[in-house]
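Before any questions on binding or motion, here is one chain by itself as structure tokens, the form predicted alone.
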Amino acid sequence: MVECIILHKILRIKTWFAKKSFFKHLEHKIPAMKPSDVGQRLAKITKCAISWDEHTRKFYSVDASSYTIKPQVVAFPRNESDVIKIIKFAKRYHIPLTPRGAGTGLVGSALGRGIILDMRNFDKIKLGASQVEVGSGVFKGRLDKILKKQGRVIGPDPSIGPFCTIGGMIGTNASGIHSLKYGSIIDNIVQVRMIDSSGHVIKFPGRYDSKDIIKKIQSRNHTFPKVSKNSCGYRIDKVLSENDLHKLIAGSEGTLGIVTTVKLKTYPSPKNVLLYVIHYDTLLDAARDVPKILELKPSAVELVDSNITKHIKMKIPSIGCLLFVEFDNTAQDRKQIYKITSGKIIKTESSAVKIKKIWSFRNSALAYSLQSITKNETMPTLIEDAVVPVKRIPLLLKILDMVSKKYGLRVIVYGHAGNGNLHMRPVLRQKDLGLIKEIAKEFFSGIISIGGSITGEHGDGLARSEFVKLQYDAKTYSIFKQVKKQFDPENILNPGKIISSKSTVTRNLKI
């Protein structure tokens, strides 16, 4: 009896240490190898370019976020064989591996201390009738030009679209201005080809022993916010069968595998486009009109505040905000908008050239935001991607107003009002890292309390991964950890993103 008790205790201790050993991997300690050691060893096993000079490492230490992390080396794989060899090397020496596209991400998803995989050489494009097969390193701007000749488009269109890569868009589950009509990347993926942490090439959907992962996802009830777009955590809510496993990769930020090729839906280029620009005195006035406007089935409803409008070269009656409402290919009487809006329609445009120019104003919102900052202010990437049910946008604005008054913030607001996804960029007068984390936690708690998600389309990255467990209940977060362990048991793929054991919101933040 005593021996049984002792044996039971030993087993419990072993189980505890086994669990601790896995979670210990969540934050990697880089091996004692110098960058030159890692680089030279990689150069011997692959024929692709490997760089570890100070200039390259410094260049890849930043992206479009406010974070800075210097990698050990940067690799430029030419093909899947190179990727497999690098993954196996990283696994052997337990070196973190982070895939990178164009570095346009806003939350530090493409930053890592180990090996950066620049996927630029995966740039092949194969056109189909209603699909396109593209490498993860293909720039969307290049793809758009090729599809335009066919009279086709891909649906997701981030404001930085021409300069981002397809792999980056998959990593963050990007969407953009026309997500009302086309959805996010997760709604447009047909198939994903990737390489897992063991160096195995996987196709989703395809031949893959998915019983374990499907069982884990479906074994417990999980709770997700009822919003039109969501990039927080792993989208297990979209995986109903093995035919949906490709959707799990959307928004996974390279933590489950290195995406090499993807098939995406394409659509006929829209015709008969009509764009209305509507002026409102306040954001709240505009927000109240959005649900009514959505009943007319627009293809886009976008919002910019007064911080943005002052940069727009358009005759605007007074200080306030603007809604951009677009329709295309619809039998709906679009003139109904005159009856339902409480704002003033200041422009109606049907010329494709002029519509493109007007959308360029909206797409420049982030750049205009940066121009609005004075020398004594700073604007860290923080609470900029919340999404709520559309009818609760007024509540979202009230939460933002309360947080702003409490902490003395000036906040710049723009984004996808039709999806309830607003980009809110707080401008701080003091560079206080502790204050930043406090603001984030309070604001995120408010978003979650009204049924929203803290991440709509930009990914979790360094800015929000520690708050994923705040967004979801313990059971759902537990499934996330099991999914991560299933695909990446050694946790070498972009560690610390989505599943995070430590605070990252202010670590490595440069303000």
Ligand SMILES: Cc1cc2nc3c(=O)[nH]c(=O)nc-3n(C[C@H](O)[C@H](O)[C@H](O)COP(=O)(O)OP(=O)(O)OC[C@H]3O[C@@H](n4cnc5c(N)ncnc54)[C@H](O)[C@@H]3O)c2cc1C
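Worth saying up front: this structure is predicted, and the values here are computed from it rather than measured. Quick note: we count residues from 1 along the sequence shown, nothing fancier.
A second form of this protein, the form predicted together with the ligand, is not displayed here; the remarks below concern that form.
Visitor: Only one of Val259, Ile393, Ile308, Ala75 has a non-hydrogen atom within 4.5 angstroms of the ligand in the predicted bound form; which is it?
Guide: Among Val259, Ile393, Ile308, Ala75, a heavy atom within 4.5 Å of the ligand in the predicted bound form occurs only for Val259.
Visitor: From the list Ile160, Val227, Leu409, Val153, which entry has a heavy atom within 4.5 Å of the ligand in the predicted bound form?
Guide: In short, Ile160.
Visitor: Just checking whether Thr165 would be counted as a contact of the ligand in the predicted bound form - the rule being heavy atoms within 4.5 angstroms.
Guide: Because a heavy atom of Thr165 falls inside 4.5 Å of the ligand in the predicted bound form, the answer is yes.
Visitor: Please determine whether Thr104 contacts the ligand in the predicted bound form, using a 4.5 Å cut-off between heavy atoms.
Guide: Looking in the predicted bound form, residue contacts with the ligand include Thr104, since a heavy atom lies within 4.5 Å.
Visitor: If you check in the predicted bound form, is Gly343 within 4.5 Å of the ligand, heavy atoms only?
Guide: The answer is no: Gly343 has no heavy atom within 4.5 Å of the ligand.
Visitor: Is Cys232 near the ligand? Define near as a heavy atom within 4.5 Å, in the predicted bound form.
Guide: No, no contact at 4.5 Å.
Visitor: If contact means any heavy atom within 4.5 Å, which of 436-444, 249-257, 280-288, 352-360 contacts the ligand in the predicted bound form?
Guide: The contacting stretch here is 249-257.
Visitor: So which bits of 79-100 sit within 4.5 Å of the ligand in the predicted bound form, heavy atoms only?
Guide: Residues within 4.5 Å: Thr98, Pro99, Arg100.
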